[in-house]
Ligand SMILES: Cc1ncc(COP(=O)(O)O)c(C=O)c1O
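To begin, one chain is listed below as structure tokens, in the form predicted alone.
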Amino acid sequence: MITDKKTPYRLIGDEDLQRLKERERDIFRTRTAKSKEIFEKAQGMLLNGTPTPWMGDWGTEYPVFLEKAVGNCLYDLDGNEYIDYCLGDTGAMFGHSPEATAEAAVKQVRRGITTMLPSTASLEIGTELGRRFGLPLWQVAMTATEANRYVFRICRALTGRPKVLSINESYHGSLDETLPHLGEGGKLELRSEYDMNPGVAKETLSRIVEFNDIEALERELAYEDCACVITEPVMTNCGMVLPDEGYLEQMRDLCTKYGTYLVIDETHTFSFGYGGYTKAFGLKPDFLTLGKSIAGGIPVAVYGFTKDIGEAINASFGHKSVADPMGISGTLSGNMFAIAVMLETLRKVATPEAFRHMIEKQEKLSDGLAAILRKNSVPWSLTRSGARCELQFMPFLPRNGREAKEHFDWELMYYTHLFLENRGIVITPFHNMMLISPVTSDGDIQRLVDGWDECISELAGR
């Protein structure tokens, strides 16, 4: 099972870790009695007690049920306050209900929510996104998963090719094309005990390569059956993985060489700055997708593309302003409510000043965590990227998803998350990624540093 994996750099034996975990479970049960009661009641009407599977996967016996979320804090039914470094897995990257976002939502909800007709604010959205990311044409979806799905369909329609090439251990939403993994010998994993997408015809949909492996990328693209390559500029799903110098530029060149579109998914890496990683490093994608945070967590996403692609779409399918011949988008996509809130969030919340604060505090947090590792002689490492950092259970930074997952230690990870949660701190589940918001203070940073210090010092036997 996946939870049996251990890093060689664990610091503590199984029995001692279980003893500490039982102590923390007892603390958790005492602190969250009302959440436990509600969770048990929820079994009668919600599968496994939560409205979505993700909400139950925090490494605790049950999730905490929230009363409210404000700024960078969460408040549960038992009255516990938590400083939030998960931030809705990026959806609330700029804090929960920023004032400008909330005001725009209140104002627009009285003026109309969805109509299937455009508003003039959509023009301003296109202009703002073009300024940030360098692509001239934009369309709106409900989620980043949807945006990626629509881009795949366009790429297939324009190229006549069936497959999508993605990166091993990446995540671009619940899409069949990007969920497969590489198994033994670097082969596409068609069947395993832990199959993330059983029943999917993986061989007909997907090609998968490791991040930073240019030779593998060219080998797979040379089959000339891939409509597009999709990647995050920094991997964020399996412990952050940074690109090698020149890797993304080489990827761009290979896509051009083999007639394959390049799709950059900035849903998480938007935290790198005003125009995400794309603007910061001058990337040249054919398509760019973005979601989650751009309207303060209200469901909306966008995808942008070049003028040449826009012309190719119209040349292939005819210019149609009323109906899309490829069945793209839904009746709620581009609704007036989401557009209005997205515009205010981009203009007044996701500002250059906000990103400067976020990145500055990330460096402060990372410096504090690095000092803890040195003090305790712990052979772990830190990945830093924009407003995010990741504590890796390994002495070197991983170069690809396989290396990262080889050092995942679910028992250790769930313990450290539980330890922090019992001390009023929440970080991203599934791995050790921490995200800073524009309202995170120095005091908040110090509290997280102190929490990790106490946790790691105990694990290291100090």
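One rule holds for the numbers: they count along the sequence shown, beginning at 1. Computed from a predicted structure; not experimentally measured.
Not on display, but discussed next: the form predicted together with the ligand.
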**Fill in**
Within 4.5 Å of the ligand in the model of the complex by heavy atoms, the stretch out of 124-132, 167-175, 378-386, 208-216 is 167-175
**Prompt:** Here the chain is shown alone; which of T143, S97, Q250, S329 has a heavy atom within 4.5 Å of the ligand in the model of the complex?
**Reply:** T143
**Message:** Just to confirm, with a 4.5 Å cut-off on non-hydrogen atoms, which of N335, Q362, Q392, N237 contacts the ligand in the model of the complex?
**Reply:** N237
**Message:** How about E232 - does it come within 4.5 Å of the ligand in the model of the complex, if we only consider non-hydrogen atoms?
**Reply:** yes
**4.5 Å heavy atom contact, T101 and the ligand in the model of the complex** = no
**Request:** Tell me, yes or no, whether K292 is in contact with the ligand in the model of the complex, where a contact means a heavy atom of each within 4.5 Å.
**Result:** yes
**Message:** Under a 4.5 Å heavy atom criterion, is D76 part of the interface with the ligand in the model of the complex?
**Reply:** no
**Request:** Sequence order please: the residues of 372-409 with a heavy atom within 4.5 Å of the ligand in the model of the complex.
**Result:** none
